[in-house]
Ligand SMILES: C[S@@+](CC[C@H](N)C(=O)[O-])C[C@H]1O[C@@H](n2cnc3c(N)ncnc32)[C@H](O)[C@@H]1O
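Heads up, the chain below is alone and in the form predicted alone; it's given as structure tokens.
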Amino acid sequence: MRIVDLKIQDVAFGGKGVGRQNGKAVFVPYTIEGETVSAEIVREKKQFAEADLVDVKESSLDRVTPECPYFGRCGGCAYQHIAYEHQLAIKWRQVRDVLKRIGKLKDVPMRPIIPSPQQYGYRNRITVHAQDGVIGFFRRDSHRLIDIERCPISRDDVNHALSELRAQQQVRDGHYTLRASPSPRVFSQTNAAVANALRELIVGLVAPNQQLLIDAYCSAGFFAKALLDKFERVIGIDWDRFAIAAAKENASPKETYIAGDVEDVEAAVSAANVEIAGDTAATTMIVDPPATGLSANVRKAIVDLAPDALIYVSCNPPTLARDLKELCEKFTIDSVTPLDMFPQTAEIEVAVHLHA
């Protein structure tokens, strides 16, 4: 393999710095735009190459010392070498750029990114893996495990649970989800403070005195229950029956929660005995899909339902951009708000507000 000197021009979505050698893009992890580095080419394709960082010859003023002793080996974090304010700037720019490149959106109405109050010690759960006596996370770009005694981005009680697991005499091979507190088998965000900020953002985006809220991928009603005073009826849909059972607990008469496929959202609305045909001016729909985004059938169902307002919460900007490219044939984007749900990592949460 060969060593090359590169000027890092940008940080791509996913966290790797981008330099160019003879016109070809070279992706180098743990670098910052503006830096000059030496890197070893480890994979070379026709259009691009991937390299490992060998040495930073000219450092960015935004380079800091990582707090985690496993950083650079563990595959979890990508940005601990970058000052937090600059992490936010990178993520904001990545959201804008991916919406332009993939979504073909010309003027993206970006709002400032919402930061995390805690840059470390924020995760309320982690999943560790055990194999042959090693307990930890997967190494970067590998299926091999790295033994982890403490995870600095996790809360103290999560690390206490990790210590208790490690203290056991014989830990069976497998996967172990460690939580800050016992909770039902219901999806929840791992950064509670930013999840609450996201909910407050959505409450502020939704107009009052509306007829119907359709909350797709509603889980236990995290958004829906915060919006009850703005709607006459609320319908939540999720495939997770445990989440729907939790949503139904203490539900008011105006709430209907259905365990089913979001692709059948029109049937779910009909089953709830709600008539919205011809009167969608007082209807809002929230979608919060997994990283794969919305299926073609769900995108079609949203267009067919034609709610007056649509709020799309995404944990994956590329699939968000793909979906918005189609949805914007029917809807107009009012605002795009990135949120830093996962500091020190390359992950980005985004909330997009659209109207018909």
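Position 1 is the first residue in the sequence shown; the rest follow in order. Treat the numbers as computed from the prediction; the structure is a model and nothing was measured.
Not pictured, yet referred to below: the form predicted in complex with the named molecule.
- At the 4.5 Å threshold, heavy atoms of residue 35 stay clear of the named molecule in the model of the complex, well away from it.
- In the model of the complex, the named molecule sits beyond 4.5 Å of every heavy atom of residue 69.
- The named molecule in the model of the complex is not approached by residue 308, whose heavy atoms all lie more than 4.5 angstroms from it.
- Contact check for residue 116: no non-hydrogen atom falls within 4.5 Å of the named molecule in the model of the complex.
- Heavy atoms within 4.5 Å of the named molecule in the model of the complex are found in one stretch of 89-97, 102-110, 213-221, 133-141, which is 213-221.
- Screening 266, 232, 261, 157 for any heavy atom within 4.5 Å of the named molecule in the model of the complex leaves a single hit, 261.
- Residues 238, 239, 240, 260 are the ones in 237-260 with at least one heavy atom within 4.5 Å of the named molecule in the model of the complex, listed in sequence order.
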